[in-house]
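Okay, here we've got a single chain as structure tokens, the form predicted alone, with questions on binding and movement later.
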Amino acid sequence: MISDLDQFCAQYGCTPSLRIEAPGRVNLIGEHIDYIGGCVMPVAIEPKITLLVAPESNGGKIELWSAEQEDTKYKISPKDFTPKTIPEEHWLNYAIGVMGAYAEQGVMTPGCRVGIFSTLPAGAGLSSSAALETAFALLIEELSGQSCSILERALRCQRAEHEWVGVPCGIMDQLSVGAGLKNHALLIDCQEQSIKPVRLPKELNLVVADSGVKHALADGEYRERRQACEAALEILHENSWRNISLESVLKNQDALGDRLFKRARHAVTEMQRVNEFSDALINNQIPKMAQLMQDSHNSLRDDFEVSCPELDVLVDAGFAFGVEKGHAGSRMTGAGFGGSTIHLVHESIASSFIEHLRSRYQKAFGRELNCFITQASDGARLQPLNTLKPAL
């Protein structure tokens, strides 16, 4: 197999001087509550997006090439932040948006040639967008000599997604990609914008199952869920979901109506589940963790209505395997409408668990399932390549 370094050299005829890696993420629990100020518990994972970069004085242009698009190259002006409207070019808006967010702070992107490589499936709910944004943010900082904190970088990337891509996301994805810590989950308070690492049991593996159903969050469904939460909050006469109890939601069921009642019920119960899951993880209470993950998925399926048949089959198959055999929890991960499921399993049975999932999925849908084992990874990082040479 040709290395990414050799591919870059073949495309550009020069050697890169910088490698930037940004991981994907899964979320163990706390879905659709980052944008309403809740706590979440993501994990940075090993699959990642890699940028190889060569500074270039070609009139200040930024030249982009993705290994997934063969020989197509794109040139972007560091002063033109107009979003791309052609579907095949939509992914460029993540880079353009980050460039625009930094330009608003007076930091312009120097000319460079960029090769983009990925082991992270796009549209699988594993934050490939946040990984690309964060990698580009690090590129801009390194080449411009202007650095910022992990939080400030995440906020700029979030702004890019809001204004250039059209997804009103919370801060979870960008923070978890930037602040990931090997062997740890991150307990992120999205209201306080604080991070507390929580060590994962060393005997547990993370199994990710990509349903193959691609989600498109800019199509309105994600925005509708956020707007529903905002509307419910107004009806409940509060300014923060942190102040709302399940009792208050139940008492106002008629005023909320069926749809907003269900959205509100998910919001308050998911917030409570995150707190309980964190305690259970710290105390290695596997059955409790499994039950909370199941309750979370059921709430996302029934109250928030963001699951799909493929995700439901995978989660049900996970629990059918049995906690007594080493299964420690399953749920959909990410915003939903397709994407992936996350499963916690004992390392000794991870391979047999994957075969179990694949068999159930093949039987239900007649197609193969992409499954992989991963560990918790460190966050985005860069590495100078001055001492490396392309292979002969």
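Note that the rigid core is defined as the largest set of C-alphas that superpose within 1.5 Å between two forms. From 1 onward, residues are counted along the sequence shown. Since the structure is predicted, the reported quantities are computational estimates derived from the model, not experimental observations.
Below, we turn to the form predicted together with a small molecule, even though it does not appear here.
A.B. asks: Could you check which residue among Trp91, Trp164, Trp241, Tyr102 gets a heavy atom within 4.5 Å of the small molecule in the model of the complex?
C.D. replies: Answer to the contact question: Trp91.
A.B. asks: Between the options Leu206, Ala124, Ala317, Leu143, which residue brings a heavy atom to within 4.5 Å of the small molecule in the model of the complex?
C.D. replies: That would be Ala124.
A.B. asks: Non-hydrogen atoms within 4.5 angstroms of the small molecule in the model of the complex: do Met271, Gln291 and Ser330 all have one?
C.D. replies: Verified in the model of the complex; spot residues all out of contact, no.
A.B. asks: Determine which one of 77-85, 245-253, 279-287, 112-120 lies within 4.5 Å of the small molecule in the model of the complex, judging by heavy atom distances; exactly one does.
C.D. replies: Stretch 112-120 is the one.
A.B. asks: So in the model of the complex, does Ala154 come within 4.5 Å of the small molecule, heavy atom to heavy atom?
C.D. replies: Looking in the model of the complex, residue contacts with the small molecule do not include Ala154, since no heavy atom lies within 4.5 Å.
A.B. asks: Does at least one non-hydrogen atom of Leu186 fall within 4.5 angstroms of the small molecule in the model of the complex?
C.D. replies: Taking the distances in the model of the complex, the answer for Leu186 is no, it never comes within 4.5 Å of the small molecule.
A.B. asks: Looking at the partner-bound form in the model of the complex, is Ser129 within 4.5 Å of the small molecule by any heavy atom?
C.D. replies: Although the small molecule is absent here, Ser129 would touch it in the model of the complex, with heavy atoms inside 4.5 Å.
A.B. asks: Would you please decide whether Gln69 lies within 4.5 angstroms of the small molecule in the model of the complex, comparing each non-hydrogen atom pair?
C.D. replies: Output for Gln69 is yes: heavy atoms within 4.5 Å of the small molecule.
A.B. asks: Quick one: once the rigid core is lined up, does Gln69 have its C-alpha move by 2 Å or more between the shown form and the other one?
C.D. replies: Yes, the C-alpha moves 2 Å or more.
A.B. asks: With a shift of at least 3 angstroms, figure out whether the C-alpha spacing between Glu89 and Gly170 grows or shrinks in the model of the complex: closer or farther?
C.D. replies: Relative to this form, closer in the model of the complex.
A.B. asks: How does the CA gap of Arg159 and Glu89 change in the model of the complex versus this form, closer or farther, if it moves 3 angstroms or more?
C.D. replies: Their C-alpha distance shrinks by at least 3 Å in the model of the complex.
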